[in-house]
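Here's a solo chain for you in structure tokens, the form predicted on its own.
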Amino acid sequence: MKYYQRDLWVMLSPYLVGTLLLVALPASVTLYLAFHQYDALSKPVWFGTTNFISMFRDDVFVISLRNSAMFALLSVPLRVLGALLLALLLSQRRRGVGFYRVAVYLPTIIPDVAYALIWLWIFNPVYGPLNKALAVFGIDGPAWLVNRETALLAIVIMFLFQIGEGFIVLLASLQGVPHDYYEAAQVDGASAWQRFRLITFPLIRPWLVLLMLRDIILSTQSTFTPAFIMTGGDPYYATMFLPLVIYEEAYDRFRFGLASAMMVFMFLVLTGLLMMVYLVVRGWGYDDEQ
């Protein structure tokens, strides 16, 4: 038994060391600097809660907070819904289904920088394929990334195509639903909608909740690369999100204390939001023993 436990600790050690060095240590330093004035050139000076007070007096921070909330509100439900619809559509074995499954997953593995550059070309108002496709239907496409009304929507649209991981999770969950349930429902005369509402949805909703929580976390991180490369936070701060503001405060203005305070605040808001979502949907799970 002792040898077995030792082997477990040996196998866990790379993960534990990585968690300590890459998560716990940076988080501790961030929390420490949030209460200090620090410019990376001089010694940290105790600042108390001044950094937290200052960030709420910064109009750009308030705008970024609103933009980040709007992005999450739009993108998270659409991503989960899109992954669910595609999983339902491609769950049955038919000719060519493997190709379509790969096509759904492919955008997820493209590096973020390359993905942003691809969409920078797609959204180009002059020669971009999106506006050219709209022109076929007589629609005059907007200048997506330079128009304040459409810039944030453009970031949401490009985010909706990276749903491969959620698609795989829901596809696996659908394949785990016993076919006997559907056969019994068909015998009872249940329609396709009734089979989904009474059988499929109750059995896969824990995975839907999991994906919703995951995408809420992801929405606070995934906006940095497209905002940094494609728009720089413009036009008129329409795509200025929290990660980009934190980056600019730290590495452009060398106000690491203020940036750390923003990071701590973002973590607290994210934690509160996840807890709220969990409390709302905590009855969406199921117990195999019941």
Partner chain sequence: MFKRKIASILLIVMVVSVLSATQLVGAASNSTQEADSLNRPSQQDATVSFMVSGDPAEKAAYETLVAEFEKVHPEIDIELIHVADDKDFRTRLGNDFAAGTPPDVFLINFRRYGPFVAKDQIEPVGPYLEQSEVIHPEDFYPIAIEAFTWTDGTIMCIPQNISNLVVYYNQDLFDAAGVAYPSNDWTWEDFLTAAEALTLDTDGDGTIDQYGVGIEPSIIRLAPFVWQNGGQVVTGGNTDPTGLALDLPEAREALEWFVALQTEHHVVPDAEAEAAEESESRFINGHTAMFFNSRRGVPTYREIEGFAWDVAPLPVGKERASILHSDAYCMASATENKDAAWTFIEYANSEIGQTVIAGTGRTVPSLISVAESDAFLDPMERPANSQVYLDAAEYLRIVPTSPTWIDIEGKVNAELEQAFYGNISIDEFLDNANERTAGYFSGAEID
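Positions refer to the first chain, counted from 1. The structure displayed is predicted, hence computed values, not measured ones.
Quick note: we don't show the form predicted in complex with its partner chain, though the next part is all about it.
Contact check for Ser68: every heavy atom lies farther than 4.5 Å from its partner chain in the model of the complex. Taking the partner from elsewhere, Ala24 is found to have every heavy atom lying beyond 4.5 Å of its partner chain in the model of the complex.
Gln37 belongs to the set of residues with a heavy atom inside 4.5 Å of its partner chain in the model of the complex. Contact between Val136 and its partner chain in the model of the complex is not found at the 4.5 Å heavy atom cutoff. Only one segment in the set 142 to 150, 189 to 197, 210 to 218, 83 to 91 has any non-hydrogen atom within 4.5 angstroms of its partner chain in the model of the complex, and it is 142 to 150.
Annotated contacts: Tyr105, Asp112 and Ser222 are all free of its partner chain in the model of the complex [non-hydrogen atom within 4.5 angstroms]. Residues Asn124, Pro125, Val126, Tyr127, Ala143, Val146, Arg148 are the members of 116 to 149 with a non-hydrogen atom no more than 4.5 angstroms from its partner chain in the model of the complex.
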